[in-house]
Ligand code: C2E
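Only one chain is shown below, in structure tokens, and it's the form predicted alone.
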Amino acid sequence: MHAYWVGVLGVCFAAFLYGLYYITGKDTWLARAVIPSYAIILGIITLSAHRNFHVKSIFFNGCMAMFALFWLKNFGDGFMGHSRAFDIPVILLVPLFFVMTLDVKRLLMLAPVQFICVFIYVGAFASQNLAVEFSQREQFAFNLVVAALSGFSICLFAAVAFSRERADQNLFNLVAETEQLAATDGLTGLMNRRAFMDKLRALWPNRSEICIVFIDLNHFKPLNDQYGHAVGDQVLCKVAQRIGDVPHVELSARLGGDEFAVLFDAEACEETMELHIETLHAQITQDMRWESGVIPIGASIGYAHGQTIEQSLSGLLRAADTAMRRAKNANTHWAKFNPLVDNDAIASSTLEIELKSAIKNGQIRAAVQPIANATSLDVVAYELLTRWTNSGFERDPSPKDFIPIAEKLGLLNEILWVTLDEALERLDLTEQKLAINVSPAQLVASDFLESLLRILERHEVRPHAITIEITEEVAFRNVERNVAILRQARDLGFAIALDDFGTGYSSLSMLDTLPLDKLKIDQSFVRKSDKSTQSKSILLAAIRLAKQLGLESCVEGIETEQAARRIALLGADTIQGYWLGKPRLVQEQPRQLKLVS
């Protein structure tokens, strides 16, 4: 860009200079030849910069050519008797503009040329136009001083250029060193994860097939604990060195902790890959001798081989990681990715990766299902449910797919707050209630009730409008802590419901322990009551038990009008099921809803 604008401005100045010569009547044949030559050279510089074609060499050589043309014109004017006293500052300053951007080598070459040209020109042409009479000795001294001043000016430019080049080189070295450090694992000297991924992306379009290998050291944490971190670091360095010694290893990286990755070169084809993996495993797992004895090293290796046209890089990486985890779990030393065995695992792994992004990106949405009075069929409450929308998968994951993963990752509360916030924004809970499902893990979170109250306060909703639904699992995990929190919630105004009543083994024993307001009777009893008198009797007993305990009863799984009427006759307070309404996103849910049989 610098050369481009120099060229453009230079062409404009050449045109201006030629016009000036023409107006003043000084457009001699020499001016008509030299000034267009300037314009041609500057045009070539502009074009090379625009096309990015050998810009540096064309620019430097163009400047030297204009330097030569300058002196050609000045000596020509001198021989034709066109020299003036004003020429002395011109020949001292103008050449500096031509050479000021050159490199050190060219500047040092031009400095003596400038000295000689100035010395000759001043003595032969310029000094005779001065209004001062010089002796021969004075004339020589004057010529020498002017020439030395001019040559020294270019030498100063050379010194500046040298300093600039040194600074540029130091900066380049610093940037290169920084990039090297950023791309290298500081302990082992291997590439780090980012650099490994960058290399893979660069290689991917140029390879027809690629084999990626993931390595995880076995029992590395106990090794660190037993021998100390210094020994652990030595083990990692030794493993890195051994990986580099394996034939056909093209790239190797430490991904973090005790995990490594390897890419074999193109000669390691799929048919011979098993042999290469065996060699790699044998090399890595040799015992390491230490001053206090021998340290055993174990490793689990997983690899995936794929065609770059048929598969994505991210998919192949996940496949290698999944195979490595299977090898580690099965203690088989190494394993190749097998779609028949590993696809379920990789699907779960993919969901884990995408779930956090889905929560942040608003793909986790609130849905509600109505709960109605069993007699009047008026909607008295909604149950808050969760849906994953616009997931990008072939089908959007169902709650059965992602809720267990959310529980494993500790994201259940985050999902609850997102969906509850959306539901409260949309629903009018003046007359209806909203039931939220809470697991024991959520319940014992230190800020659960505080966070719940903050959201309700933000939407100006009282705790009396919220029912906390729990399952009997609360009796198996931190029961005392769970009961204490539920009692605290009930004191604040929340209602407590026991969900899926009748499906477990301890429901009856918990009724006296848990602070409950409502029993939700499992849908399995409704489905079986048509065909089984025993199931119908159990269903009736459960409804009566709730009444005797002063609890509200809600029967789930109502899918037909006949089932709804039958349950109403049995004395249930509320009902819920697909006949009343399927779960719908809150944006699609009308604010007021009355069901009519």
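The numbering used is simple: start at 1 and walk along the sequence shown. Values in this document were obtained by computation on a predicted structure and should not be read as measured data.
Beyond the structure shown, there is the form predicted together with this ligand, which is absent from this document and is the topic of what follows.
The closest heavy atom approach of I284 to this ligand in the predicted bound form falls outside 4.5 Å. This ligand in the predicted bound form comes within 4.5 Å of no heavy atom belonging to Q234. Remark: Y21 does not count among the residues lining this ligand in the predicted bound form, judged by a heavy atom distance of 4.5 Å or less. The closest non-hydrogen atom of P399 lies within 4.5 Å of this ligand in the predicted bound form.
Between this ligand and the residues I485, V379, L412, C117, the one pair within 4.5 Å by heavy atoms in the predicted bound form involves L412.
Checking N74, T386, S300, S150 against this ligand in the predicted bound form, a heavy atom within 4.5 Å turns up for just one residue: T386. Across the options 532-540, 54-62, 565-573, 552-560, residues that bring heavy atoms within 4.5 Å of this ligand in the predicted bound form belong to 552-560.
Residues N437, V438, S439, Q442 are the ones in 437-458 with at least one heavy atom within 4.5 Å of this ligand in the predicted bound form, listed in sequence order.
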